[in-house]
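The form predicted alone is given below as one chain in structure tokens.
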């Protein structure tokens, strides 16, 4: 056990309202976008507006988490922002979030990078600092405006969004019973310095990368806490597309009903560092006291963080004001031209 007291004391998510369909993307490249989207299990994706980035997404999610937990921002002793699309190459996003959320400045802050699992790595860091007594409350955020090269398979899934988790001991809405990670040097996805878009190893990203790490971390955690898939009400796995999390979940013994609440990628795309955390936020929107939640993130490069979580009686008074599903439903579709402008795919050559 972590220590029997540390848990999530507040949470929040943010999903931009703009959407582009797989069919619209396909039209531009003479592809059957509907068919491509179906093969990936993603019908449309969330698109950050021209004035949104991973920092503004992190700020909104964090403010919602602080409101959810009714936390004094000055009690936050650490802020860790996980992202692979930070607006500054050299300038932390964590300090922007701290200032925007009204934190006192008496805190440690840093940006984490580990592909799509940097946000959950931040959760683990906060757990350790809270459990050791170093801080009272820690804030971990996963936020991205994911990049996808035009006419690449990633363009159909790489989306924008994020979620924030406040970790503390005072009246947690969900206890974090245990966490465990599995990590190897598996280069399935990368972006070189100065490169605008990432490179991926195609199908290699499946079996030796995603499935190996998620399965291993998940099995080892369940072995450690003495559970099986049947012991959980909900399960959330990293969602690079709509099919991988369902397959790995069912391979581990979970059924579709357990995966349903947290499976949001088919409707908003892959929010990278935010993917598993937005899924967890969606579960917390509907979870009840006593529900047990299994979460396992994945980050290329490669590693997975697994968590065993139990919902407490405080959940009813600490739900986020705007549920994830409501943000998913509140949407406006854009053309490829507008999407390209918003995501700065159109370059000024002058």
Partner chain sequence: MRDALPLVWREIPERYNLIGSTCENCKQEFFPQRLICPNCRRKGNLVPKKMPDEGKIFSFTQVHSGAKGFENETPYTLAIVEMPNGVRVLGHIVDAQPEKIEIGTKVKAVFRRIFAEGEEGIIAYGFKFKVAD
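Quick caveat: nothing in here was measured; it's all calculated off a predicted structure. Numbering follows the first chain given and starts at 1.
Separately, the form predicted in complex with the partner chain exists; it is not shown, and the next lines address it.
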Q) Non-hydrogen atoms within 4.5 angstroms of the partner chain in the predicted bound form: do 26, 118 and 152 all have one? A) no
(Q) Just to be sure I understand the contacts: of 170, 253, 187, 102, which is the one whose heavy atoms reach within 4.5 angstroms of the partner chain in the predicted bound form? (A) 102
Q) residue 332: heavy atom within 4.5 Å of the partner chain in the predicted bound form? A) yes
Q.
Taking the partner chain as it sits in the predicted bound form, is residue 96 near enough to touch it, meaning that at least one heavy atom pair lies within 4.5 angstroms?
A. yes
(Q) If we define contact as a non-hydrogen atom of the residue within 4.5 angstroms of the partner, is residue 68 a contact of the partner chain in the predicted bound form? (A) no
Q) Should residue 49 be classed as touching the partner chain in the predicted bound form when contacts are defined as heavy atoms within 4.5 Å? A) yes
Q) For the chain seen here without its partner, which of 296-304, 29-37, 279-287, 58-66 has a heavy atom within 4.5 Å of the partner chain in the predicted bound form? A) 58-66
Q) Mind listing which residues of 305-329 have a heavy atom within 4.5 Å of the partner chain in the predicted bound form? A) 326
